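Heads up, the chain below is alone and in the form predicted on its own; it's given as structure tokens.
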């Protein structure tokens, strides 16, 4: 049966040689994330496939930081290593990794993608090759304490300024009562998660998407600068200074222990916040993210896919595992048990799914109209673009630069990258 193997961040520097051999005892290896219930759900899905087929699979737990995970994948694939057969890849990676991945249309047939959201299939198709199957989709949402907003006479906020004001008011009132309350927690570490958060701030202020669909750099504008300046006012006021090192799980930890009014996170946090172990079970609401003064709510498109390495020694078997895990039964189970958004449109009308996660129905438009990061127009340079963006944003949040200074400097940095062509 399945085993679990850990590839630590040390492998980034030490190569994959130490891992080679460990995987050989099993027929396949698959990398799974470990944010929230990810790893457990992956283990259960893989165990079901093992029971069905009689094959054995090693579970490879990779770094939670998507930035570190990408570096690990790039090292393994560049070495043409067969250490990982099936890789869980971010929605912005198909263009970066596609040359190293199997065409699943050839292996699974032309109907492999039937029923999945067209936009994600298009995203996962590189030069006519389907290099990954959609596993779950994502978009940022705003979690809030229903009980606290009701207690203090507030409705869920529609703008970022309203969220700021409500968070400050409730935080102050609750602290007077002795609670260790914060107004707002989010993903503020300098990593891909901050790119997602900050893109939502900028886009919802009408400040564009860093680089537009035609590849033109758009970040240096007043609305983008204003969005970053507003976010900087949160640090040390309604958000703890520690948020500058928060990823998804740190933010969830503060919110789920009852110490935050609002939280930006992905849908996966819903089932955990409602669990028996949660301090806020039954007290949580979910709405679309706020927007700027003249903008509209913007949620960054997230989500993860399953891909098969071209260097797999069992490519057809690996593709069969991918087809099983991304199929309707598994996606329904993961939606109900872990609040992971299906990529199959039919499941958003499934009564059992909607009973488990009601906001899948009320926020359906948010998930289907999410804002994409500029990975398509920037191609292989997306990693550098995102790194430049989240570092610039982190500088503003840390008080080292104003929004205007940061977007101007970022424009110059991206222009240098673009001169060598996206």
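Predicted, not measured: the structure shown is a model, and the values here were computed from it. Numbering follows the first chain given and starts at 1.
Heads up, the form predicted in complex with alpha-D-glucopyranose (GLC) isn't pictured, but that's what we're talking about next.
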* Okay, which stretch from 255 to 263, 327 to 335, 88 to 96, 211 to 219 lines alpha-D-glucopyranose (GLC) in the predicted complex, with non-hydrogen atoms inside 4.5 Å? -> 88 to 96
* Taking 4.5 angstroms as the cut-off for heavy atoms, does residue 196 touch alpha-D-glucopyranose (GLC) in the predicted complex? -> yes
* Asked: For residue 83, is any heavy atom within 4.5 Å of alpha-D-glucopyranose (GLC) in the predicted complex, or not?
  -> no
* Is there a heavy atom of residue 320 no more than 4.5 Å from a heavy atom of alpha-D-glucopyranose (GLC) in the predicted complex? -> no
* **4.5 angstroms heavy atom contact with alpha-D-glucopyranose (GLC) in the predicted complex for residue 207** => no
* Asked: With alpha-D-glucopyranose (GLC) left out of view, which of 138, 250, 103, 174 would have a heavy atom within 4.5 Å of it in the predicted complex?
  -> 138
* Structure fact -> Residue within 4.5 Å of alpha-D-glucopyranose (GLC) in the predicted complex by heavy atom, from 304, 311, 73, 117, is 304
* **Contacts with alpha-D-glucopyranose (GLC) in the predicted complex, stretch 169 to 194 (heavy atom within 4.5 Å)** => 191, 192, 193
